[in-house]
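In the form predicted on its own, a lone chain appears below as structure tokens.
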């Protein structure tokens, strides 16, 4: 393809990426370097008719508004927001690691820091949900591919239901089912003979429910991609393997899995990005007390009356860096395979 034709072909996508991706990222990075102005305080003398005078501090609304109008981004803070207690907490983390306490005590203190608490859950969610969802989706694809054509349609429809349902609605439905009055919550209480057992009161149950929901909602995407890939597996190769006496597991291991390896890389790439931005299940489960994520921290900074744009911007930048680090091995492997094929 001539360079001019290629450039004209990708120009609309480039414009959209600059307007809706590049410029917002630059804006977020810029806002993360600033913090909101503190309110201007003035000392006012308050005198009573039959008493003495007292001094008190009051907010100067006009001066505060004028300061905010003059500097709408706020007060320049540099990298101060990145290293404060709500984010990387460099001072607090250094004090924890240099203390004489044991490893469990240090770990508990680190979990009390909001950014690291959210980061740990986000990483656990990514590295647990992604492989389990891919394995479940692949297993469903193999099972559906072996079914008669008459039954494939209904089975595929029901397999895609978790992906069709809105994530927030799906998490709310599962949360109601796991509540003490729900069918799953009441069943769990009956199994453990504990009428006080509650999802909100147990961090382990909360994490387990969120991870289970993540696998349930991510599996359909893996199923669709792997099922489509199964239709491209060469029939001659499978027949040759059968003639040579290969069992079903051997055909899956030595024929199907190598053929679907590029698709597995694509699925892992997409699901890692999606799972690193986990947000809806935490809100739907009202799990903020036991589990938070980086996306939830951004939402928390921007909700309410006191919106902290600088803090939300710093968390967003750290999230982008985390996504890049997380996807680097997959991207490097894909690039190496591309160069190898090109040669």
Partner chain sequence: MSEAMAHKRPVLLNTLIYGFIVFWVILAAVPFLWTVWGSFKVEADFFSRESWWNAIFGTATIRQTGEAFTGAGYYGAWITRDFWRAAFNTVIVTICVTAISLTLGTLGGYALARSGRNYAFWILIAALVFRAMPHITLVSGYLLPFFQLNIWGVLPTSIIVLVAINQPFTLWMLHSFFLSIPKDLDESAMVDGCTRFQAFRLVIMPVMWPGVVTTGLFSFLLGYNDFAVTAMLLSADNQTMVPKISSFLGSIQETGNVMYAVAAVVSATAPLFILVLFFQRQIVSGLTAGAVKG
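The structure displayed is predicted, hence computed values, not measured ones. Positions refer to the first chain, counted from 1. In this text, rigid core is short for the largest set of C-alphas that superpose within 1.5 Å between two forms.
Just so you know, the form predicted in complex with the partner chain exists too; it's not on screen, but the next bit is about it.
For the candidate spot formed by 64, 116 and 205, no residue has a non-hydrogen atom within 4.5 angstroms of the partner chain in the predicted bound form. In the predicted bound form, none of the heavy atoms of residue 85 sits within 4.5 Å of a heavy atom of the partner chain. In the predicted bound form, the partner chain sits within 4.5 Å of a heavy atom of residue 159. Using a 4.5 Å cutoff between non-hydrogen atoms, residue 245 does not count as a contact of the partner chain in the predicted bound form.
The shortest heavy atom separation between residue 181 and the partner chain in the predicted bound form is within 4.5 Å. Checked against the partner chain in the predicted bound form, the residues 76, 127, 107, 176 give one hit for a heavy atom within 4.5 Å, which is 176. With the partner omitted here, the residue from 261, 155, 111, 91 that has a non-hydrogen atom within 4.5 angstroms of the partner chain in the predicted bound form is 155. Scanning 11-46 for heavy atoms within 4.5 Å of the partner chain in the predicted bound form gives 12, 13, 14, 16, 17, 20, 21, 22, 24, 25, 27, 28, 31 in sequence order. Fitting the two forms on the rigid core leaves the C-alpha of residue 277 displaced by under 2 angstroms between the shown form and the other one.
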